[in-house]
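One chain follows as structure tokens, the form predicted alone.
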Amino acid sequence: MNGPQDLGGQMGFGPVAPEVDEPLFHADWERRVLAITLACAALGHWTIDESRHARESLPPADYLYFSYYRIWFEALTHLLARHGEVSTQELASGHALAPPVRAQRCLSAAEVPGVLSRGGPSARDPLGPALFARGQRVRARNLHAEGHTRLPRYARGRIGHIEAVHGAHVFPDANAHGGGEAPQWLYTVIFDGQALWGPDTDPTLSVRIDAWESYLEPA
């Protein structure tokens, strides 16, 4: 989807000003939101791709106004309601009014370090040979998916070349919507900045994106 999270190359949003020595959390509530998000993900209702799509699907004005962890919190409430773990009444009252759907999937504090260290590997066995090879020129297809996609809007229709081949991985566009893992070959594609944003772009700039095979076509 063409959502508010996809701002590469757009003007009018002010300069990017990274915070020097930025702390992990700016307030205690942010720390709590991260913990709640991890605990709720362990319920197993949704995939990481569905959770990303939930954040992207917030109204653009809210997404651009909210802080990072406020976006996480708002998306989490939508996910919990969608999968029947909370009701509108419970969200309004701040109290549980019914038993949880998957109480047996509780993530204890002692289990958190192990869960985080294991991560969620997405590598899968390929279903066939790779269509592209390292060094090959490719064009990012001009796709405008209605659902989740990891293909940045600014790269669509642009030509780059394959820098690395990573094997087959879970395809987010399918996995975000209950379509299964549908693994595809994954590539790192490097684009010249001027090819993306025109001749006024810094000529030393290049951008690398990870692109699934169905995002690409031979150039």
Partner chain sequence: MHDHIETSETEEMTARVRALETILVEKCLVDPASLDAIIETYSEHVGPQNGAAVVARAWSDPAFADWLARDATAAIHSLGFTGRQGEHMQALFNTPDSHNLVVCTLCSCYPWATLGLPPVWYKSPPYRARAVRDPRGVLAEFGVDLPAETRIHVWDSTAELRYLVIPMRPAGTEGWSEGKLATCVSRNAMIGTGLAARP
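As the structure is a computational prediction, the values presented were derived from the model and not from experiment. Residue numbers count along the first chain shown, from 1.
One more form of this protein should be noted, the form predicted together with the partner chain, which is absent from this view; the next part is about it.
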field: Residue (of Ala54, Ile162, Ala174, Val33) lying close to the partner chain in the model of the complex, criterion heavy atoms within 4.5 Å
entry: Val33
task: Please check if Arg82 has a heavy atom lying within 4.5 Å of any heavy atom of the partner chain in the model of the complex.
output: no
- prompt: Does the partner chain come within 4.5 Å of any heavy atom of Ala133 in the model of the complex?
  reply: no
message: in the model of the complex, does Asp125 come within 4.5 Å of the partner chain, counting heavy atoms only?
response: no
Distance check, Arg102 to the partner chain in the model of the complex, heavy atom within 4.5 Å: yes
field: Stretch 152-168 - residues with a heavy atom within 4.5 Å of the partner chain in the model of the complex
entry: Pro152, Tyr154, Glu163, His166
